[in-house]
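Let's start with one chain on its own, the form predicted alone, as structure tokens.
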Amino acid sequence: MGQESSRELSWGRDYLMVVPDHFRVEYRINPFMDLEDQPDPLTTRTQWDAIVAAITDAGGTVTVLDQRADAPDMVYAMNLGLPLAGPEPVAVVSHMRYPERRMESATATAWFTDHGFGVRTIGSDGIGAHFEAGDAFAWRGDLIVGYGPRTDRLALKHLAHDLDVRVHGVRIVHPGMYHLDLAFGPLDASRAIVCPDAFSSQDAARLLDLVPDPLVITEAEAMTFCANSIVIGRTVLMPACPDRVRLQLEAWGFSIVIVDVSEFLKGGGAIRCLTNPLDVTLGRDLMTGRGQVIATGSM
């Protein structure tokens, strides 16, 4: 283990979350949704409050956004957009794959604008490429983007050009890991959780090549949503942690805090989906001046 291996993530201490006042399963856009299995509102709020408390206890902060009554999935704040702090903050607002969620973008645009972000969009109703921010991670200076189920491959080119950053595109093929944040999760400067079964074989190999020290998880382990976690310093907030994963994390010096999010799993998301980091910074966590797309095949 070199010095880089012990260097904590420089982001992930400040989060945007959406109060779950109107969370429900109103439609089915992922394999976990069942209209006959509705979340209990009281339990949902208790679990949401527990996430906020766990973030605060670990030294993080939470900024709260009210939920639209007509947007039951808006609680999954990670998908509102990709905010990037810096001298000139910018936010790429998501253009959702499914019309059922597109009204969220208007609220996200207004919130980001009110908080000093220059807003950029990829596509709009009927035109352009779909992009959902749960498919994007700034890590090791570049942007890693999953595409396929929710984000279009064309969005990679827009992100690279509009932000002037290097984008590594990896194709997601697993229906249950429809966003990158269900199969990939940075832990520190050189370690990340990776589930190769989520990707095409070629792109799984490419993603593993990008991670100096991967914690490789199986499909069964990924289905516990353990990759859909957040890291605050050396504390990992997780919805579940299989024994083998726990042993490796603890060997690397991480403390694990389990937060029950069973009600939110009914909508297909866990802790990462419910939290959107506001402190990822252009020029520090995502380097500009090298805009290009690296992906299998031709663009």
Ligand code: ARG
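Computed from a predicted model, the values in this text were never measured in an experiment. Residue indices: 1-based, along the sequence shown.
Below, we refer to the form predicted together with this ligand, which is not included among the displayed structures.
Participant: Looking at this ligand in the predicted bound form, do all three of 11, 14 and 187 come within 4.5 Å of it through at least one heavy atom?
Facilitator: Heavy-atom distance to this ligand in the predicted bound form: none of the three under 4.5 Å.
Participant: Select from the listed residues 78, 84, 93, 156 the one whose heavy atoms reach within 4.5 Å of this ligand in the predicted bound form.
Facilitator: Checked against the cut-off, the match is 78.
Participant: What is the one choice in 50, 33, 256, 62 with a heavy atom within 4.5 Å of this ligand in the predicted bound form?
Facilitator: Comparing distances to this ligand in the predicted bound form, the residue within 4.5 Å is 33.
Participant: Check whether residue 39 has any heavy atom within 4.5 Å of a heavy atom of this ligand in the predicted bound form, and answer yes or no.
Facilitator: Close contact is absent here: in the predicted bound form, residue 39 is far from this ligand, nothing within 4.5 Å, heavy atoms only.
Participant: Answer for residue 146 alone: is it within 4.5 Å of this ligand in the predicted bound form, judged on heavy atom distances?
Facilitator: No.
Participant: Against this ligand in the predicted bound form, would residue 179 count as a contact residue? Criterion: heavy atoms within 4.5 Å.
Facilitator: Yes - in the predicted bound form, heavy atoms of residue 179 and this ligand come within 4.5 Å of each other.
Participant: Is residue 58 near this ligand? Define near as a heavy atom within 4.5 Å, in the predicted bound form.
Facilitator: Judged by the heavy-atom cut-off of 4.5 Å, residue 58 is well away from this ligand in the predicted bound form.
Participant: Tell me, please, which stretch of 268-276, 63-71, 50-58, 237-245 lies within 4.5 angstroms of this ligand in the predicted bound form when heavy atoms are compared?
Facilitator: It is 268-276 that comes within 4.5 Å of the partner.
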